[in-house]
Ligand SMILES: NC(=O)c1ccc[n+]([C@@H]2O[C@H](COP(=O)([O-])OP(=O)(O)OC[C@H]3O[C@@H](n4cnc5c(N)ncnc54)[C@H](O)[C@@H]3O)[C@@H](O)[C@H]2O)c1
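First comes one chain, alone, set out as C-alpha cells in the form predicted on its own.
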C-alpha cells in the first residue's frame, strides 16, 4: 500500500449521491476503510448499485491489493461516521446553508487533525469556513464524474486554510490515484467548471437559435475539439495552430477575431421551449440506450482513453 495512504487509514463520506458514491468506489478500490453517512431513505441500496455498476471498470483499471467492497460501513449518524476518520469527504447538495450546517456538525465531531474536504462545485471555501471551530483544516476537494475514473481533483484553500493541510491533502488525493490541481486563487466555480460552463452556455444558444441540434453540438466536440483537448487542452492546441512560431503567431493572426461578436457570454433564458429542445434532442440521440448502458460505454471509453492520455503525458502540471 502507498506509504502516504497508510496515514489515512479510515475515510468518511458524508452524502452518498452520485459524487459521494464515486468517492466511495475510488476509496474502496484503493484499499481504504470507508464509513458512510446519508440520512436519505434507500441510500445504502443505491450505493451498492453504484458499486455493482462501477466495480468492473475498476477491475479493468487495476485494484489495489487490499481493495475490498466489504470495507464499507454505513452508520446512522454523522458523529459515528467522522469521529475517528482521518479524512472526511462532504458531498451534500449544492446549497450553501445545508453545506454549512453539515460541515459544522462534521467540524464538531471530527478529530482535530482530520482533513475536511468539500466536493462543492461552486462555493468558495472561505464561505464554507465561516463559523467552524477549526476552519484551518477545511479545503475544497472538487472531483469530476465519474470520480472513480476521472483523476482530476481541484484543491482550493480558503483564507483560513492551513498550508500544511493543503500539502497533506495533495499527497492524500495523489495516493488514491488522482491528479490534484491546486487552484491558486479561490473563485466561484473554481477552474474546470467555469470552462465547461462557458461552453455549455454557448451550446444552449446554438440549440435555442436553431443553429444546431443537441446531437450536432455533441458531434462537433466529440470529433473535433474534444479529441484534441483530451491530449493537450486549449492552450497547447492553439499553440500548434500558430505553426512554427506557435502561440506568438497564433495571437497575431487570429487574435483580432476575439473582438468579433461570435460568442454569447450570457446564458439564454431557460424557457420551456428550450428545455424541450434539449431534452428531446438528448433522448433522440440516446435512442433506446438506457442510462446504465450509456454509463458502461462511457466508463469503458474513459478507461481506454485515460491509458492513452497517460502514455503521451505521464507527468502533468497537476501531478507535480
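Residue numbers count along the first chain shown, from 1. All values reported here derive from a predicted model rather than from experimental measurement.
There is another form of this protein, the form predicted together with this ligand, and it is not shown here; the text below is about that form.
- Not displayed here, this ligand is approached by residue 37 to within 4.5 Å at the level of heavy atoms in the predicted complex.
- Contact between residue 94 and this ligand in the predicted complex is found at the 4.5 Å heavy atom cutoff.
- Taking the partner from elsewhere, residue 16 is found to have a heavy atom lying within 4.5 Å of this ligand in the predicted complex.
- Proximity of residue 98 to this ligand in the predicted complex falls within the 4.5 Å heavy atom cutoff.
- Within 4.5 Å of this ligand in the predicted complex, a heavy atom is found for not a single one of 110, 137 and 161.
- The single contact residue among 214, 175, 120, 129, judged by any heavy atom lying within 4.5 Å of this ligand in the predicted complex, is 120.
- Proximity to this ligand in the predicted complex, taken as a non-hydrogen atom within 4.5 angstroms, holds for one residue of 102, 207, 114, 169, which is 102.
- Residues placing heavy atoms within 4.5 Å of this ligand in the predicted complex fall in a single listed stretch, namely 143 to 151, out of 69 to 77, 143 to 151, 198 to 206, 224 to 232.
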